[in-house]
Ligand code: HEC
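What follows is one chain in structure tokens, specifically the form predicted on its own.
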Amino acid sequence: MMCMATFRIPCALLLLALSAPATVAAEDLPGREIAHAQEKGNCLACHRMPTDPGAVTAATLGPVLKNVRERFPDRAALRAQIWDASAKNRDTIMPLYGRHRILTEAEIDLVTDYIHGL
């Protein structure tokens, strides 16, 4: 008969591995493609994203998108900003992606996930 202690360590390691958050590279997020596409989000026209090595731009109009979770700990607040930036700043030059239907609701969700992870 096997001792139960034999299974404790492997089970603990398995549980730890299953409960650890999966890390996803920025380039693997579907929202990245939308955010970078000139005919869609075109975020790189105004924003630098220094934590994404593939986000090459010399833009300086918008704020630098890094440590976004510190500015927007609530993902819903970031989504609202992307959906309609004029709600907080009526003089914004940021496109009103949701209000003007530039992006679909699903695309805004994907871009929000990408930006929130920067």
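The model shown is predicted, which means the values in this text are computed figures rather than measured ones. The first residue of the sequence shown is number 1, and the count goes up from there.
Missing here is the form predicted together with heme C (HEC); even so, the following discussion is about that form.
For the three residues Arg71, Ile82 and Val111, a heavy atom within 4.5 Å of heme C (HEC) turns up in the predicted complex in every case.
Contact check for Pro95: a non-hydrogen atom falls within 4.5 Å of heme C (HEC) in the predicted complex.
Heavy atoms of Leu65 reach within 4.5 Å of heme C (HEC) in the predicted complex, making it an interface residue. The closest heavy atom approach of Leu61 to heme C (HEC) in the predicted complex falls within 4.5 Å. Contact between Thr57 and heme C (HEC) in the predicted complex is not found at the 4.5 Å heavy atom cutoff.
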